[in-house]
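Just the one chain here, the form predicted on its own, laid out as structure tokens.
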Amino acid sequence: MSWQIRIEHSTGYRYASPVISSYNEARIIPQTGDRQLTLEATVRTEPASTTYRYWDYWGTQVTAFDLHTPHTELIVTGRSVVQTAPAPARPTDVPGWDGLTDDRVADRFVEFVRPTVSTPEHPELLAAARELAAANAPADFLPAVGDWVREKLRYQPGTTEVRTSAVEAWQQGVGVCQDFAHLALVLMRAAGMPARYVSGYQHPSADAAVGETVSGQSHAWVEGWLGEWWGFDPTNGVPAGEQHVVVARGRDYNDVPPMFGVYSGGASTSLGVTVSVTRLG
């Protein structure tokens, strides 16, 4: 059964001295796709500004705005209502490893099979990927990767930051959903499977009560190419389903930052991020 979810995402900055000019991008509008329909979406800023939207190279809707009046605080709030579908069944018509790693597939998805700054190669991770691939057909490989990642990483907020690479998180043995996703991507790409990073939101309860507003999460998971894209959440060990709301896709976190900008003024302090979610039906 599909869900309808309302999301409110607020983030902001406080500046040590008035900022004269700032240029900003927000990626907080959920996508519409095969298993998700965005019914409403607004982005407001304080101070107020004129916003405009465009789709970036990766297909993410970006809200852009600039401010040219002195301000010491900036708050951006996105509100949306989204309808999500249950997790699709794991694809059954999946190419074998020979087909999946064929040059034509690699050429088609070249950006999703190469390492990145956040998902670098490492000989021990390559060996682990090969071992998992030898023991699992491609359709079973993604859940196996999720199991492996959860064996190696303990979820602990505050131990990593957005620039932490998958290798660094793996060596520390702790991380957050972003690190779980990055580490899974390293293994998937090492095995030759096209793999992409997904950012969005997750309702924390599979048994969510209709009408109850709870604290939600910005979240990250992965999608692997199994003849079609199939989403899997390595942090929770489940396919991406009705609790998952897709906002952006890319090679890694660096392609999908929720907020990004430049400004002229004093040092900034993050006001933090709050996400609230309400299941409407």
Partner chain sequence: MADLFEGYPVEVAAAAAWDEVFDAAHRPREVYTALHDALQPLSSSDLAARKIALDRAFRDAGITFNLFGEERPFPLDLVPRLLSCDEWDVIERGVTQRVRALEAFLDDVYGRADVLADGIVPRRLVLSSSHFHRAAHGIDPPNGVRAHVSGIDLVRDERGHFRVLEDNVRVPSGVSYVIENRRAMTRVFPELFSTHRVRPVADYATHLLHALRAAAPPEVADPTVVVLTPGVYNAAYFEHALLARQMGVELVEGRDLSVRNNRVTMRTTEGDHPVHVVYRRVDDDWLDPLHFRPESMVGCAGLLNAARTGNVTIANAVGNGVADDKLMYTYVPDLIRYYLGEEPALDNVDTFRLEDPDQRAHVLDNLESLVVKPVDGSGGKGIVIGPQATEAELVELRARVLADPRGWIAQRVVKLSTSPTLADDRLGPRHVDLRPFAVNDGNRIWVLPGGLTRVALPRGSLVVNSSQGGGSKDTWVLAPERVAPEEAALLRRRSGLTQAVAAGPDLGPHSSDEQQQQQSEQQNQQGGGLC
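Numbering follows the first chain given and starts at 1. Keep in mind that this is a model prediction, so the values were computed, not measured.
Below: the form predicted together with its partner chain, not depicted.
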Which residue, Arg90, Arg154, Arg108, Arg130, has a heavy atom that falls within 4.5 Å of its partner chain in the model of the complex?
Arg108
4.5 angstroms heavy atom contact with its partner chain in the model of the complex for Thr50:
yes
Using a 4.5 angstroms cut-off on non-hydrogen atoms, would Asn24 count as touching its partner chain in the model of the complex?
yes
Given that the partner is absent here, does Arg251 sit within 4.5 Å of its partner chain in the model of the complex, heavy atoms only?
yes
Contact with its partner chain in the model of the complex for Asp66, defined as at least one heavy atom pair within 4.5 Å: yes or no?
yes
Counting any heavy atom within 4.5 Å as contact, can you tell me which stretch out of 180 to 188, 91 to 99, 130 to 138, 111 to 119 lines its partner chain in the model of the complex?
111 to 119
Judged by heavy atom distances of 4.5 Å or less, which residues of 256 to 275 approach its partner chain in the model of the complex?
Phe260, Gly261, Val262
